[in-house]
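Next up is one chain by itself, shown in structure tokens, the form predicted on its own.
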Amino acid sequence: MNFTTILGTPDFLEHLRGKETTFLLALSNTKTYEIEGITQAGIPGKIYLTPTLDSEFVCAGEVRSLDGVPETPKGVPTPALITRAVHLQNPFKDIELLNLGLEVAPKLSYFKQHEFDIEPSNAINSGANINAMELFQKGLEFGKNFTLKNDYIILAESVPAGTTTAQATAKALGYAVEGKFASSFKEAPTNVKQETIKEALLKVNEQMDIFDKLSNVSDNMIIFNAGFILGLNAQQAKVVLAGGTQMASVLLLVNSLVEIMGGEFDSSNIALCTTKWVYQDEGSDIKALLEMLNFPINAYASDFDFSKSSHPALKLYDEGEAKEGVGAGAALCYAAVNGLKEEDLITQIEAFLV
């Protein structure tokens, strides 16, 4: 089990071999998920529960706010199973949750849940209604004051419909990203996404400043984490962004903010890790997104897949469904540099589905 270097060199990930990490899971709801056909990241009618259930499963190995492991209408189980399996075989030193606007809080004890008094955002086609400046400041302050207990941070996310809001954010910032963003679907619902993004972008104009634009078309996770990364950067914290094109959008926002502020951003302490399914996805291009940044970035994709599994639900990942989420890509890269075996992980993941 290994990883592929998308950009940069393997050195950043290699130097984390054997190191201890804090796994931070950013959880948020954007009511963009209510637009029919836009996402399959969860159970129809209960998609708002997806981040809640994901966090419960990663932390406790069971879901408590609903019966059964969440899966898509096509039967694809949440990528939280992958992250949980890695954690069982080589535990993250700490797991902490960031509540960035949940409709239902996770039913967990002992695990640190950071609260920021953030409401779920509205659907972007009717205006997300976010106080982006305030939210960014909350992320910035959290990053500056975050206590580094371990060698590095893995920053993951669970936001249903987040690839749509991520693409809208990048386009509002002026990046040419058409056809470069991934989807939870094998066949992305392009018409629904494009129409939603088109409607969202009608609510912004060139006279608006960056925070006015974000307030209309973005989501809480992207804005907060852009601030968080800039805050962490001030204390030279090493951070692995766990995710695909949504985390690329966070970096594009960081890029735009640094450009506007006329400052310098030291990217030597930051990397992005994703899955093979995102990196090889013909419907998106994460490498091209990262190449739009004005600063160099180390980026990696795990080589893990389910070719050695006989479970039909897991085979759907290799066919292009789901692809990423809940830190799966970074968890798998963490597994690779800590000597975990692909066969053992697959056995563990299959055991969740018995």
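The model shown is predicted, which means the values in this text are computed figures rather than measured ones. When you see a residue number, it is the position in the sequence shown, counting from 1.
Below, we turn to the form predicted in complex with a further copy of the same chain, even though it does not appear here.
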Specify the contacting stretch among 156 to 164, 249 to 257, 170 to 178, 106 to 114, defined as having any heavy atom within 4.5 Å of a further copy of the same chain in the predicted bound form. 106 to 114
Even though the partner isn't displayed, in the predicted bound form is L27 close enough to a further copy of the same chain, meaning a heavy atom within 4.5 Å? no
How about D94: is it within 4.5 Å of a further copy of the same chain in the predicted bound form, going by heavy atoms? yes
L290 within 4.5 Å of a further copy of the same chain in the predicted bound form, heavy atoms: no
Taking 4.5 angstroms as the cut-off for heavy atoms, does R84 touch a further copy of the same chain in the predicted bound form? yes
Please pick, from A301, A322, L49, C59, the one residue with any non-hydrogen atom lying within 4.5 angstroms of a further copy of the same chain in the predicted bound form. C59
Of A237, M133, L140, L88, which one comes within 4.5 Å of a further copy of the same chain in the predicted bound form, counting heavy atoms only? L88
Residues of stretch 319 to 354 in contact with a further copy of the same chain in the predicted bound form (4.5 Å, non-hydrogen atom): D344
